[in-house]
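First comes one chain, alone, set out as structure tokens in the form predicted on its own.
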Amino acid sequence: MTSLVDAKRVRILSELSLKNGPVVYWMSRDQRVNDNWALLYAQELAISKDAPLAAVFCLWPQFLGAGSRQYHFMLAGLREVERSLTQLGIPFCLLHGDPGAEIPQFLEDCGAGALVSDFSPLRISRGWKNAIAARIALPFYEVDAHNVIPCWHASAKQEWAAYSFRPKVHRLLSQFLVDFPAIKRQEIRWPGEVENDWKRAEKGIEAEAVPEVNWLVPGEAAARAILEDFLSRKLPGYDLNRNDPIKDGQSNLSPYLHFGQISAQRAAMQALSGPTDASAFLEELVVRRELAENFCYFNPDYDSINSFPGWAKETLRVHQKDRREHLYSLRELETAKTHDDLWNAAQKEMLCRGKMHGYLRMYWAKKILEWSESPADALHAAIYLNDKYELDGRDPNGYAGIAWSIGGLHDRAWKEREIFGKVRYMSYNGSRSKFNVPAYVKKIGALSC
């Protein structure tokens, strides 16, 4: 089969001959119809076999500590996916339960001939794929539709820092920043009708109740509108404004990128096609974001202190018994009950808006280290809060960012001090020198949630 999808994006998880029967695309991380290499590859397989094509999503009721906020955002986006695919003659099937069991059962029930999935470096996703591959006798393909450069092709090892990863990215960018073909209308129809029970999906969520956000609209169409607004209004000042929480300088794309409601490759291509220098944006969108993917892919302990570099583990061990002026429980942190008004405001921003400002995420996590009995306790608290409240939580970016803040990941040793050892320190006064802290505290104080 001659494919418009770069072969370097595709790898075989179960190497068997194509069989007669429908092609199934198991949509998981990339929840969109357009600019989706995994869906495109699945459609190419279906066309080559004169077979029907379906997309399925398997809803797991408890996913890595996500709150109801994230589930509602995701389900709204998936309903848009269903509408868009239906217009293309491709059924969208919503399954419920453990993908390791439900996907093989669906394949058996429809007599499938091949399975295509999108890519995630997280352990839970890789475990599901291993379980599925062990249970099916079909060819099973994985396509990296999430990264600009396929994760397994960008580097063959865990990178120590951005400075070692960046040259590899820039060497490969032109090879992978190519136009997307359009998804086609599916001519061979799926046998039978598909009806999804969205009310059952909502009722089946077993997540802690977290208020929904009203400032960000979920879905693929909204994501494209946010991108267009960013490119026209914010990109010219992005490098100067992105680290100031008072200014509306960030792209706000991270929730959409997390749920795959927009392609990072699309965002990069549009940024590069305009008259404005996009280098600072591409550093965050491609280099830093895909460095986090690299970390989670090559380090299975990405959510543990075992993932910290050796120098950081040692320096934190030496300083673990240092006296803490303040110690806060997880409940006190969650409810923003600390002595630090800047930290409390950052936590409240996350509680109310589901998205803390990027610069403050670093300060926020480092203070949790300073106020916890151990680095392991700090890591647990930061991941718990991030994954429960952030729309873009449960993501390689989150795990890498927290490990950078608490455990020196992708960083170097700094001047030694209490508690932190040689891990980089951030202070309240340092923040005051960078932006108007009182104005930020006042701004967030006006939020209601």
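As the structure is a computational prediction, the values presented were derived from the model and not from experiment. Residue numbers run from 1 along the displayed sequence.
Quick note: we don't show the form predicted together with flavin-adenine dinucleotide, though the next part is all about it.
Novice: Looking at heavy atoms inside 4.5 Å, which stretch does flavin-adenine dinucleotide contact in the predicted bound form, given the options 248 to 256, 132 to 140, 107 to 115, 193 to 201?
Specialist: Every other range fails; the passing one is 248 to 256.
Novice: Going by heavy atom distances of 4.5 angstroms or less, which of Lys168, Arg288, Arg79, Arg353 would be at the interface with flavin-adenine dinucleotide in the predicted bound form?
Specialist: The option sitting close enough to the partner is Arg288.
Novice: Which listed residue (Phe92, Phe176, Tyr238, Tyr328) meets the criterion of a heavy atom within 4.5 Å of flavin-adenine dinucleotide in the predicted bound form?
Specialist: Of the listed residues, the single hit is Tyr238.
Novice: Would you check, heavy atoms only and a 4.5 Å threshold, whether Pro52 touches flavin-adenine dinucleotide in the predicted bound form?
Specialist: No, Pro52 sits far enough from flavin-adenine dinucleotide in the predicted bound form that none of its heavy atoms falls within 4.5 Å.
Novice: Quick one: is Met362 in contact with flavin-adenine dinucleotide in the predicted bound form, heavy atoms, 4.5 Å cut-off?
Specialist: Heavy-atom contact with flavin-adenine dinucleotide at 4.5 Å: present for Met362.
Novice: Does any part of Phe281 reach within 4.5 Å of flavin-adenine dinucleotide in the predicted bound form? Heavy atoms only, please.
Specialist: Taking the distances in the predicted bound form, the answer for Phe281 is yes, it comes within 4.5 Å of flavin-adenine dinucleotide.
Novice: Do Asp392 and flavin-adenine dinucleotide come within 4.5 Å of each other in the predicted bound form, heavy atoms counted?
Specialist: Within the cut-off, so yes.
Novice: May I ask you to list the residues of 405 to 428 that have any heavy atom within 4.5 angstroms of flavin-adenine dinucleotide in the predicted bound form, in sequence order?
Specialist: Going through 405 to 428 in order - heavy atoms within 4.5 Å of flavin-adenine dinucleotide in the predicted bound form - there is one hit, Ser405.
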